[in-house]
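One chain comes next, on its own, written as structure tokens: the form predicted on its own.
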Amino acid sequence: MSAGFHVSKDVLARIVIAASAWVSAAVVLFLFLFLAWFCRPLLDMTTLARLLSWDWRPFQGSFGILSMLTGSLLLAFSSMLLAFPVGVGICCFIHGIGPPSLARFVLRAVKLMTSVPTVVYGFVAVFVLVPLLRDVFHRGSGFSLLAAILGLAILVLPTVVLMLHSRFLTVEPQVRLTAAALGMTSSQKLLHLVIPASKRGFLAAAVLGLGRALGDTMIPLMLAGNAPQVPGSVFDSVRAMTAHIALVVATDSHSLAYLSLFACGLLLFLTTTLVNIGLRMLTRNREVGS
């Protein structure tokens, strides 16, 4: 009877997992079809050429969104290049490098960061970070690519840390006896056993962190300056696609500028999908090579 119960639990778990996977796939497919359907009016060559250009001057008939795509990619990848190594360092501090009491405090602080609304980060950065950048570098107004990168790095840092933390918690019990048999210290166990066995955690942290950076609206909207241009330096203003959607949807609902929002949404969707696929392929190739 007990064995039958366990079999039933296993079958039920598989059904739930399979159903969740199919529901998730259906939602993703629906989002893609929704965006593709509303992009149909943009598929003639003249309109497509106006959209896939670098100039956004709606009053002159230029509706190019490539500068916004460039801004989104620069913001997302630059913030992740800053947040990811810092997040790895914090997670290593929590799992053996730092004193236990201080490590617990740092972990609680990181968890607390996840409960802070994004608009609060942006609001504080407007009155603290932006004037600081303006006064220190004396370049522009302070609302810039650099300000948005720093703001997004702080925003995605808890995602990176907590994903790695959950993976380390799963791996550590599996290697505890091996580390004890070899006489390893906590730092040695972390460096030589836990981190090499946590490749999937690093991939998950990279994917979720990058997705958070690509999809955030408030930080680019409040800090980047919203100039639709390709920046020449980190002190220039940029406009991300998410900020572009928020700005246009609040002011227009009939023109080609409004239709460009669906193109931006589709580009964001495809960019995130391609990044996820690329990271998974890279990780798989490394696992096969090793």
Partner chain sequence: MTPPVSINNLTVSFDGTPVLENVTFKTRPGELTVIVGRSGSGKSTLLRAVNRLNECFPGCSTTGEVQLALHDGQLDVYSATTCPEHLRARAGMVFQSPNILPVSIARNMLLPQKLVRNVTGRSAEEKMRHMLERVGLLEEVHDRLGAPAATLSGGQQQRLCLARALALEPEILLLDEPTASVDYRSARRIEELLLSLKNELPMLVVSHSLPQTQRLADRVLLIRKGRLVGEWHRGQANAEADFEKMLSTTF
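These numbers were taken from a predicted model, which means no experiment stands behind them. Positions refer to the first chain, counted from 1.
Separately, the form predicted in complex with its partner chain exists; it is not shown, and the next lines address it.
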Can you check whether R134 is within 4.5 Å of its partner chain in the predicted complex, heavy atom basis?
no
Does its partner chain get within 4.5 angstroms of any non-hydrogen atom of V88 in the predicted complex?
no
Does G183 reach its partner chain in the predicted complex, with heavy atoms at most 4.5 Å apart?
yes
Partner contact for Q188 in the predicted complex: its partner chain, 4.5 angstroms, heavy atom
yes
Using a 4.5 Å cut on heavy atoms, which of L112, L169, L177, V128 is close to its partner chain in the predicted complex?
L177
Taking 4.5 Å between heavy atoms as the contact cutoff, choose which of L193, L73, I154, A103 touches its partner chain in the predicted complex.
L193
Specify the contacting stretch among 90-98, 206-214, 169-177, 117-125, defined as having any heavy atom within 4.5 Å of its partner chain in the predicted complex.
169-177
With its partner chain taken in the predicted complex, which residues across 72-109 come within 4.5 angstroms through any non-hydrogen atom?
none
